[in-house]
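A single chain comes next, written as structure tokens; it is the form predicted alone.
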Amino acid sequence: MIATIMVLVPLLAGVLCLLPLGTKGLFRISIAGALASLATVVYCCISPITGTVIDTSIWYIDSLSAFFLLISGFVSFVTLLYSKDYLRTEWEEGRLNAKEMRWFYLTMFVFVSTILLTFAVRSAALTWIGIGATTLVSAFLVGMYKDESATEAAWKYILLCSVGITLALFGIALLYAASSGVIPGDGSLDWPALVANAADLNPVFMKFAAIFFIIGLGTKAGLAPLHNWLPDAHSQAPSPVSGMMSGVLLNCAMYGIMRFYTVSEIVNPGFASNVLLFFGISSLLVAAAFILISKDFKRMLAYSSVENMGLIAIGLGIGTPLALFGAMFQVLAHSICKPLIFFCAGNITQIYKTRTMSLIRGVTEKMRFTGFATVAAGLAIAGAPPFPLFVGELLIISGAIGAGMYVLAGLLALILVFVFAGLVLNIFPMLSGTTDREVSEPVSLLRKGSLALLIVAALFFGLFMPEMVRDVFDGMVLILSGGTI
């Protein structure tokens, strides 16, 4: 029952946002809905995150599901807080009207609901449906501004991700064929049943399923060379949407890959790992190249997401407990740090009226709090200590060394140096210098509070690893290793 309520609460909040109560009423409903959604997610995940599985009807929530649900609840809450004054500025400047803002909140809450559904269901088929639904809903958010560039980005997003989702459907069909006659009844696509009976699944069907599943969902996760939709979508969407897409949406596809990976590695050890290593390395190479030559602030940040999805795929591909630990920690770190930098970018681009980095100077002088937050966010996504992305990268490289993959470890370290250099060389010149533009810090406690909350979360997980948190990660490593699900 609680899982059903968790999915329905954001839907109800979205419907209430359509009421003609004026902008003040709309913002109050949105914040109340965000808080209520976060509260139900936390309540639902209290038991699963400590090891007690929720297994009822269509719902299945273990520590892996709860981990992604908690991230989604937290990031969506912070995003909706940040959105209030961001959208108010857009409304005051005439880019959005009151009706469009109501539809924004309806779509955003439906988006949150589909994300929560994806992580909470027990069937691979329902996971696939949830991932497809997140694509359809978020496409409206990408095309929010309805100009030529935004519309083109939205259509490109729909077309490319639909191709990926279709390929993943072939993977689902092959997964069903592999389990035919092994798992009785209607549970042949249930993740727990698939893991429990993995040793008896057809290995040939599972190899083809792995190819279709990873390529299909890899498209949605932004793994290169299937990432082409991602820079356009992130650059054209409103900055709160960019933060949600990068911090939460990509996790949906990666979660599906992780669930399948767990089954595949029992049936065909090393096969899915090698596929993931290929796409992971490709993603890092592509991301590093485009980060170095990027001119558009938000497009550069999109390529940083490609890099981080690649690192997670490599952690899974290495497959040792330390590398799996690092991959899951990288998920957490990216989910916190990427919305932070996108919100900073939202402040800057909204005030400077441009995304071209060479035209932005003097941010620290004119916008002190945003400048400070961007310094922290820039260092965080570049992988500098004491931020959590540094820890995740170090764990994955250590995992490669521990597995005897010395060439891979050296290649990762070299690519990450180029990524670090590219991000620092592009971001920090915007913060220094002077500008003749009449710009000033947005007067908004919610904007500052959202950024501060993300900075505190990033520093906490970068500096501390409480025993309870370590136990959660150890439990997820056990799940990914096929020990339990």
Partner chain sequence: MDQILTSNLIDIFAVCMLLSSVLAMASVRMRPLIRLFILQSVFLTAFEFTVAYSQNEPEIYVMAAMTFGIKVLLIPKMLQYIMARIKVDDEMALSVGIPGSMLLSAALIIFSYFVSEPLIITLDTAERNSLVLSFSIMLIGMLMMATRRKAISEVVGLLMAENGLFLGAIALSNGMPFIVELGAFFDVLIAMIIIGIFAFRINKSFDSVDTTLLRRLKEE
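Numbering follows the first chain given and starts at 1. Note that the coordinates shown come from a computational prediction; the quantities given were computed from them, not determined experimentally.
Although it is not shown, the form predicted in complex with the partner chain is what the next lines describe.
Glu152 versus the partner chain, in the predicted bound form: is there a non-hydrogen atom within 4.5 Å? Glu152 belongs to the contact set for the partner chain.
So, in the predicted bound form, is Asn97 in contact with the partner chain at a 4.5 angstroms heavy atom limit? The answer is no: Asn97 has no heavy atom within 4.5 Å of the partner chain.
Tell me, yes or no, whether Trp91 is in contact with the partner chain in the predicted bound form, where a contact means a heavy atom of each within 4.5 Å. No.
Indicate whether Gly132 is a 4.5 Å heavy atom neighbour of the partner chain in the predicted bound form. Yes, contact at 4.5 Å.
Does each of Val9, Glu265 and Asn268 have at least one heavy atom within 4.5 Å of the partner chain in the predicted bound form? No, none of the three is in contact.
In the predicted bound form, which of the stretches 373-381, 80-88, 287-295, 399-407 has residues with heavy atoms within 4.5 Å of the partner chain? Only one stretch qualifies here: 287-295.
Within 4.5 Å, heavy atoms only, which of Leu394, Ala173, Val182, Leu414 is in contact with the partner chain in the predicted bound form? That would be Ala173.
Partner-contacting position among Tyr261, Tyr303, Phe119, Phe343 - heavy atom within 4.5 Å of the partner chain in the predicted bound form: Only one option qualifies, and that one is Tyr303.
If you apply a 4.5 angstroms heavy atom cut-off, which residues in 151-171 are near the partner chain in the predicted bound form? Thr151, Glu152, Ala153, Ala154, Trp155, Lys156, Ile158, Leu159, Ser162, Val163, Ile165, Thr166, Leu167, Leu169, Phe170, in sequence order.
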